[in-house]
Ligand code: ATR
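Only one chain is given next, in C-alpha cells, and it is the form predicted on its own.
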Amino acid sequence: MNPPSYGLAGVLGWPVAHSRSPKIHSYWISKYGLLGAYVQLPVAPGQLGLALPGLAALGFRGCNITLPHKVDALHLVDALDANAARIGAINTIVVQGDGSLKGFNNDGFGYIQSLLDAKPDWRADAGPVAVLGAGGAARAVVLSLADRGAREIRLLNRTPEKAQALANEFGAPVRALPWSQRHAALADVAMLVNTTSQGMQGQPALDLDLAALPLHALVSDVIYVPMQTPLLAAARQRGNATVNGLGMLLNQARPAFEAWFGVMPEITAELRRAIEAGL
C-alpha cells in the first residue's frame, strides 16, 4: 500500500508576509489530519514567468495568487476556468495531472457567500447597488452580483476611464458614474460596496458622505485589516448593517483547499477567532 502523498500549496505574491492564507490553510490541514503544508511564496514583479512553471516540478498541487500578480498570472497558465476568464484575473492555480496549470477565481464565490453568511435573506435584486473601485476585486464583485440577479450596479472609480471601461466590457446592469457623484449615487441603493484600498490599514479613509444612504442598505467592505474600516464604523453608527472582508477571505479559500487537498473545509468559530486575533 502506498503511503498518503504529501500535499504542498502556498500563496504567491509580493509581498506575502502579511497574508493570513497560511494560517487558514494550515488550520484546515491540521483539522482534517492531512499530510501537507501551505507556505509563503514571495515572487517579485518580473519573476512570475520563471516561478509559475516551477510549481509542478517542485511538487506543488497549486497556489493562491495575490497582489500584484492576479492579472499577469492569467496570461501564464495553460487553461482558465470560464469564470476566471470572465473576471479577467485569477486568485487560484491548480496543477493538473499532466503538470499543466489551470487558473480559477474564487473571489466572487467568497464574496457572495460572505454576504449570505452574514444575512441569509440577502438578495442581489433587492435594489440598486453602488460599487466603489474598478480593480481586480471590483471585477469579481460586480460579476458575482450581476450573476445573482442585480438589476442596477452603479460603478464609481477615482479614475473614471477605468469604471467606464469595465461598464463597457460587462454591459448591463453595470453603469459607470463620475466619482464626483459618489455621494448622491447612494440615494436609493440597497447595498454599498467598497472594493478600493481606502480605509485599509495605512491608507487614508474613504472620502464618502453617507447622508443620502438609506438606513436599510447593507454596507460591505472587502477590506479585512482592519475588520472595521472607517466606512463600516460610520455606517454602523448610523444604523446600517455591515459586512467586512474577513468572510470573503475565508470563503474564497474553501474551493481552493478542496481542489488541492480533496476536502471541502468548514469555517469554524475557532478558525474565525484565530484569524481575528492576528488582525
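Numbering starts at 1 and runs along the sequence shown. Please read these numbers as outputs of a predicted model, since none were measured by experiment.
As for the form predicted together with the ligand, it is not shown, yet the points below apply to it.
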item: Contact residue in the predicted complex, from Gln198, Asn83, Ser144, Gln113 (heavy atom within 4.5 Å of the ligand); value: Gln198
item: Listed residue that, although the ligand is not shown, lies within 4.5 Å of it in the predicted complex (heavy atoms), from Ile87, Ala134, Ala73, Ala185; value: Ala134
item: Interface segment, criterion being heavy atoms within 4.5 Å of the ligand in the predicted complex, picked from 190 to 198, 170 to 178, 97 to 105, 116 to 124; value: 190 to 198
item: Residue contact check: Arg151 to the ligand in the predicted complex, 4.5 Å heavy atom; value: no
item: Heavy atom of Asn157 within 4.5 Å of the ligand in the predicted complex; value: yes
item: Any residue of 43 to 57 that, in the predicted complex, places a heavy atom within 4.5 Å of the ligand; value: none
